[in-house]
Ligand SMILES: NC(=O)c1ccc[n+]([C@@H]2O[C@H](COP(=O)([O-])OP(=O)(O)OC[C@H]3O[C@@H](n4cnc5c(N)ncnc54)[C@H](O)[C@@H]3O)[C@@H](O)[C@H]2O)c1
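Next up: just one chain, as structure tokens, the form predicted alone.
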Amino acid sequence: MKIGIVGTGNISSRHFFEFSNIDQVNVEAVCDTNEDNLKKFLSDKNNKNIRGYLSLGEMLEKEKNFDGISNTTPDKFHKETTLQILDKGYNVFCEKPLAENYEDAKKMVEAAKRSKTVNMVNFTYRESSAYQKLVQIIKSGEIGVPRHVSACYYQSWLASNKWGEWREEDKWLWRLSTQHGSNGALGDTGVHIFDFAVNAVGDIKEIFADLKTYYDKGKKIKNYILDANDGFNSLVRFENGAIGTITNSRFATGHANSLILEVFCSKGGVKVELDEERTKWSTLHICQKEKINEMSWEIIKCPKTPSNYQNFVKSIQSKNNLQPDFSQGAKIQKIIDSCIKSNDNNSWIDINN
């Protein structure tokens, strides 16, 4: 199977590694308009036999018969590059968020449907086997209907130097600037936690969001105006009657990359807490039956589940588009847009209006 990669920034290395470790799958070509990034990617000891191009158009013209193309470009280029790929009839695996806004995401969904291609969005945390089990339990009705939800995504790169000094590196600074295509923490990691909650519990009906930017960290560094949100709180009402809170922060001291989801239902509760090192990705906590009155939780170790990369390949082979697809990506983008509207208007927003 022949795979191409568009964009050779930081995340592209992960895509190369994951696809290259699937049997009979080869990354054969990459492209990037940034020549330095392209050269750096191609100079890696494992990437020497890959053909490199300085534009997507050139790669699509000179390379034939891709089975799939992975889109790892910055957020603001997702729409235009994906539409080019779909126009050629190739299957697309796109980094999150699907687009910068719902209108663009909707156009991508429509283009994917017209081309009848496999399309997926890389919501990474779907890969947790504990999360997959949590979703299965909730949807089975085993613990009743959802009543209350708490979902948090915690990072601390604005409060620590775990990944380097953010004030000195473009790969962090652009995430703080709306002029550079960032929707802040909401658009970067908020898409993950909303997908996490919605996929497990059901669609959100209404939302009230409060976005926060901390200007005491500085207002401008180099050509980056630091005006994107650093975190948010949101109150949500689900279509099925459940209520909850969904929150996100880049100042969560002590948390490298933590996702916590707790869903309390009419006959029990389930929770997962994912961590940076993935040591808890198979650990599900459940409280049901006799344990409800004991106030105790059973710990279930869940067998490993396929990665999004493996599911993309499987989708191509089986011609059965697995989740999360572009429609899910667009649904999450609509929630993100509604959060911005809610914050600006200081009001509840009906997601469907």
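Numbers for residues come from their place in the sequence shown, where the first is 1. Model, not experiment: these values are computed from the prediction.
Beyond the structure shown, there is the form predicted in complex with the ligand, which is absent from this document and is the topic of what follows.
- Listed stretches are 77 to 85, 225 to 233, 199 to 207, 262 to 270; the contact stretch with the ligand in the model of the complex is 77 to 85, by a heavy atom cutoff of 4.5 Å.
- The partner is absent here, but in the model of the complex a heavy atom of 34, alone among 296, 34, 320, 26, sits within 4.5 Å of the ligand.
- Scanning 166, 125, 102, 251 against the ligand in the model of the complex with a 4.5 Å heavy atom cut-off leaves one residue, 125.
- Interface membership of residue 175, defined by any non-hydrogen atom within 4.5 Å of the ligand in the model of the complex, is confirmed.
- Although the partner is absent here, residue 10 sits close enough that one of its heavy atoms falls within 4.5 Å of the ligand in the model of the complex.
- The ligand is not shown here, and in the model of the complex it never comes within 4.5 Å of any heavy atom of residue 116.
- A residue is said to contact a partner when one of its heavy atoms sits within 4.5 Å of a partner heavy atom; residue 190 fails this definition for the ligand in the model of the complex, lying far away.
- Candidate site formed by 4, 62 and 91: none of these residues places a non-hydrogen atom within 4.5 angstroms of the ligand in the model of the complex.
- Counting a residue when any of its non-hydrogen atoms is within 4.5 Å of the ligand in the model of the complex, the hits in 81 to 107 run 81, 95, 96, 97.
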